[in-house]
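There is one chain below, alone, in structure tokens, taken in the form predicted on its own.
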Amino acid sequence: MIINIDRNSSSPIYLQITSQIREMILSGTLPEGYKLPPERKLAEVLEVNRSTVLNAYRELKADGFIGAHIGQGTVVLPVVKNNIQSNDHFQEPLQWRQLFSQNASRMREPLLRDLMELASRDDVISFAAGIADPNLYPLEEIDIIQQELIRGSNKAAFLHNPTEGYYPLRESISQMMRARGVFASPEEILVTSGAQQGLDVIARAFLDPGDIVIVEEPAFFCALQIFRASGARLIGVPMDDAGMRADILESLLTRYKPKLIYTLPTFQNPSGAVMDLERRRQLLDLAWRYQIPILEDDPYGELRYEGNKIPSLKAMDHHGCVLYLSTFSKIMFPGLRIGWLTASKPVIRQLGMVKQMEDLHAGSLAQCIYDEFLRKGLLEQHIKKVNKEYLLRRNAMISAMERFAPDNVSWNKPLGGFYIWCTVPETMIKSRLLMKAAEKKVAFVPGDAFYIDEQVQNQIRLNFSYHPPELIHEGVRRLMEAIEETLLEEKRGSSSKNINMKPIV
């Protein structure tokens, strides 16, 4: 593959790269399945910025010429070739990228999709996706509940329900929230198809293009994607051991007057950090004084393995500033997608109208199953069971890190949640580590994904909930081996950088 760059041309370099690779694919020079060089390698050879090659690859992906998956690299996809009369030239396919809406163009690479696909492979030890272990699902209890619903001819399980949710489930969630210190009536609860839909409903209801959202950094990458897709401008507030820095936050509130503050204060994703009580009071005080709502995302609050429980922001909220979002997916079944939002009645009414434009209501059978599960008092005993098991798995991962990690790798010890936030050498190129780890059949999430501008970070997120201790031990061994080999290869490569070659084979 030979690419010629004309630096005097008025055409952007990334479009020159795009055009030449496209022509090679259409002419058959690059056949279906041909593996393109990694972005960084091609950038080095062409003596351009990596972002230039990244933009070229994105254009080609959007037009359906190439595809990329973690562990497989970037390959040429099948292309429909059309003869023009008797001519041997091929007509290019429809330029889909030019037809997408502005909203669609704001969306980034589907990291979550790739991680879910990788996690589903039997030969991979995945520390990437945040999923509860299927072996811990309360299947027997759910089977009994489902049979009772069918035998009892509960038609509500198979009919439409209100957009705001199956009312008995909203009653059950209301009672459960009381145990969490939140006194919300059923009318102040909206049932969603998982927490991610809750984020999307909030974004659609509150954000116009150009609005500013304050987020902690690092932050849950799906939230960043959703806010960004709405056209919002994201501004990050750094975190310390006590959570989002309130002193920095106040200066940003004064300067930017944001529309929303987003935080995951309890067992934060990805860092596992817990916002302390004083910082929570400061955050609530600032939100009230500046009249800015807080979106509290709380999927992991019940998954505590050590220490004393801290009340949620919603439980401490005396002014109605907090929109509370949670889900059953991290505790029980990610496939039975039921989450909920708690807010004042006028807010829930508006959110319900927005949600109705996305789907009429969350799955009726799933809502009925969760309602019965809560009414039978099964959730509390299930949480006790999984917390006991996840404590063992967290300890197994830390023990394996202590045994296999090189001296220049460090990590935290979370009191709950799903993740260990790990720091690797600053000089390490994460794309190389991802590929090296994939070769060893182990996966993780690079820290770059959790920052607003996806700047290079020397952190990785490791999930410990999905695999039993013996697989965690083996996966950490493979990952630490990948880190050591990547560092060694980069050290060797740094002494032979002055390579001036244009062809890539």
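Numbers for residues come from their place in the sequence shown, where the first is 1. Nothing here was measured: the structure is a model prediction, and the numbers come from that model.
Just so it is clear, the following notes concern the form predicted together with a small molecule, a form of the same protein that is not shown.
- Contact annotation: of the candidates 163, 230, 423, 329, the single residue with a non-hydrogen atom within 4.5 angstroms of the small molecule in the predicted complex is 329.
- Only one of the listed residues (195, 261, 348, 323) places a non-hydrogen atom within 4.5 angstroms of the small molecule in the predicted complex, and that residue is 195.
- Contact with the small molecule in the predicted complex, defined as any heavy atom within 4.5 Å, is confined among 244 to 252, 187 to 195, 311 to 319, 206 to 214 to 187 to 195.
- The small molecule in the predicted complex comes within 4.5 Å of no heavy atom belonging to residue 172.
- Contact check for residue 299: a non-hydrogen atom falls within 4.5 Å of the small molecule in the predicted complex.
- Proximity of residue 220 to the small molecule in the predicted complex: non-hydrogen atoms within 4.5 Å are present.
- Put simply, residue 430 is far from the small molecule in the predicted complex: not one heavy atom of it is within 4.5 Å.
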